[in-house]
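Okay, so here's just one chain, in structure tokens, the form predicted on its own.
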Amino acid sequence: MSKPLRKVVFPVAGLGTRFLPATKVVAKEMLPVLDRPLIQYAVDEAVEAGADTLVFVTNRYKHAIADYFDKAYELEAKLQEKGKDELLKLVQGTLPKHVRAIFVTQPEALGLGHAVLCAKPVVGDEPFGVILPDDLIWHTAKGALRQMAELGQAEEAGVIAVEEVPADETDKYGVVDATPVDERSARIRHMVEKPKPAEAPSNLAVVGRYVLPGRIFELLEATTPGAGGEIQLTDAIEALLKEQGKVLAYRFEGTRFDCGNKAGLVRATMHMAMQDPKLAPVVREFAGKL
């Protein structure tokens, strides 16, 4: 893990059923928080962490993400013609010129582990990041993935983002049993996928950021499908832990919004609006009336 992080995987093949009927035609990762889709926040975080190769694991029906990052010739020509340079810069800046986007199809929905495994031909055996765009992590300094990549390189270890959750919600997450190293990092002893509250080893839940070595792919290939026939990334990380003895849990600096549900998307939108000097007074006024 001493190599710098250059590749990031985005598992985006999900159907987004919590947002139907909108997601019948719009990928859930394209749902906007103000004027930017969720996937843009995720991509910006990956690029800030040093990534120059972005691997989108999608399904055969979702084309919106590829279209979003593609060049929009007619739109750009119109904006240029009308002298709308600021808007033109926004449209052209969705993906920096030095960054390439690669799209890989996940033929069947066989779990997060399987989605990550689909990226193996592109990633190879080098360390890489995984971002779940549903988890929007807002920050004022370093992004969560950059924090984790720097830690992983320094410690030569895999790094998993964790966050404290209410004890009665552990059955919604992978949960870690870990020994603290410092204020933010801990050495993982054991991981459990969606334990019942009474059986959870802690309330430190795994959230949507990972920095992993290329070795994880071979471990995923050897992972037996669990409930629902899905290959769990948690199981492969547990195998990595047994093999290498060192995987770190990291409590990132930043605020996480679970935009995989309506409440989280509303909170994220309100939060981002409050960061905008023009919109913040509007939000305050409207909230006051409510």
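One-based numbering along the sequence shown. The structure displayed is predicted, hence computed values, not measured ones.
Although it is not shown, the form predicted in complex with a small molecule is what the next lines describe.
**Q** Considering the small molecule in the predicted complex, which of A109, V91, V181, V104 comes within 4.5 Å of it through any heavy atom?
**A** Looking at A109, V91, V181, V104 one by one, just A109 meets the 4.5 Å heavy-atom criterion.
**Q** Since exactly one of L132, L220, M191, A161 fits, which has a heavy atom within 4.5 Å of the small molecule in the predicted complex?
**A** The residue in contact is L132.
**Q** Heavy atoms within 4.5 Å of the small molecule in the predicted complex: which stretch among 150-158, 132-140, 197-205, 211-219?
**A** Of the options given, it is 132-140.
**Q** I'd like to check something about L15: if you look in the predicted complex, is any of its heavy atoms closer than or equal to 4.5 Å to a heavy atom of the small molecule?
**A** Residue-level check for L15: yes, a contact with the small molecule.
**Q** Answer yes if any heavy atom of A115 is within 4.5 Å of a heavy atom of the small molecule in the predicted complex; otherwise answer no.
**A** A115 belongs to the contact set for the small molecule.
**Q** Contact with the small molecule in the predicted complex for E45, defined as at least one heavy atom pair within 4.5 Å: yes or no?
**A** It does not: once the small molecule is placed as it appears in the predicted complex, E45 has no heavy atom within 4.5 Å of it.
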